[in-house]
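There is one chain below, alone, in structure tokens, taken in the form predicted alone.
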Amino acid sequence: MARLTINQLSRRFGSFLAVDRFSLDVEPGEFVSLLGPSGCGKSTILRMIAGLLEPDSGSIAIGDKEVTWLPPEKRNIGLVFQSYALFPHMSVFENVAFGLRQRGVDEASLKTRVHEALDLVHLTGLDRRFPREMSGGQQQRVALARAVAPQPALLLLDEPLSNLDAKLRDSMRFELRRLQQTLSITTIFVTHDQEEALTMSDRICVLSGGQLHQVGRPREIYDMPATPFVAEFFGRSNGFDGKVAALGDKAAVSLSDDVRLVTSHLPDGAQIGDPVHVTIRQESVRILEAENEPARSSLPAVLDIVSFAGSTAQFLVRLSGGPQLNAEMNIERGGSLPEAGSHVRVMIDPGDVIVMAAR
């Protein structure tokens, strides 16, 4: 296990600023995801950590050793690419042994470590096969075994699950996390998939435009987003511009002249009339029959679209005198669904109305 310390890392490609003063401390044995849309800088950061790109400024240290200008082979890292990058002319054994041979490991120790690595990824007995004879999931396991066989201080994963089908990708999330925890290896994982980051990470770094918007534990990122971008990037959300309408125990925001939402949280120092950004998760929207007794935080609405989605139903709801919002609710097996065009009431718990200062 090793600590990773990144300080004020920046990188340009011509006039384009891909990474802007990125800093991060990763604890030994921690699993940290770099998450964001395409072009946000996450893979550029990973490649600088790996030594495949030089930064324009900033520093990188693994443990007590600064590695900013060292070549990849001097950094004691394991790297798994999105494409796996297996050698097609080599057997599974030789693919896994490649890094060990480069480090001059003697043949007896090499065989032991290759078989140990293959056992860790559940590929025992497949060492004589070639990559073309294996499924995508098996090839990914070979790439992982090759990365961990040299016992690196740091494991770098560049979207390693993106080439797998949905079902296999789900199962490999848990396999990858199990392997990381078994080895207690410090890991940086690059992904654009929010669910991958939420289910696998100890902490998540959310990036956009080369800048770090927020770093925190998955639940913290989801429940307490620091910026409108983070709020709407995670999960299925509704985003609105509004204004502060009331303060104190009766805190509220208005989305229009006719729509006011009660909230438990306003930005520090907020004043009535201040512009704000409001986020409401789809699963936070409850749809009630219209004849239900109106509650303080419920609003009249009409269902524009109703869609059955298995164990859930999805709705497009039009608030009376206000905007539309998407909702998702669990449904009981065999339960009935309201029809499109139905008049309903929408209930949103004040704690689920996420309010941030407008930017």
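Values in this document were obtained by computation on a predicted structure and should not be read as measured data. Start at 1 with the first residue shown and count on from there.
Not on display, but discussed next: the form predicted in complex with a small molecule.
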Practice item. Please pick, from V26, C40, I49, A301, the one residue with any non-hydrogen atom lying within 4.5 angstroms of the small molecule in the predicted complex. Key: C40
Review point. If you check E159, E232, D274, E94 against the small molecule in the predicted complex, which one has a heavy atom within 4.5 Å?
Key: E159
Check your understanding: Can any non-hydrogen atom of I348 be found within 4.5 angstroms of the small molecule in the predicted complex?
Key -> no
**Study point:** Touches the small molecule in the predicted complex: T44 (any heavy atom, 4.5 Å)
**Key:** yes
**Study point:** Candidate stretches 58-66, 301-309, 317-325, 31-39 - the one whose heavy atoms come within 4.5 Å of the small molecule in the predicted complex
**Key:** 31-39
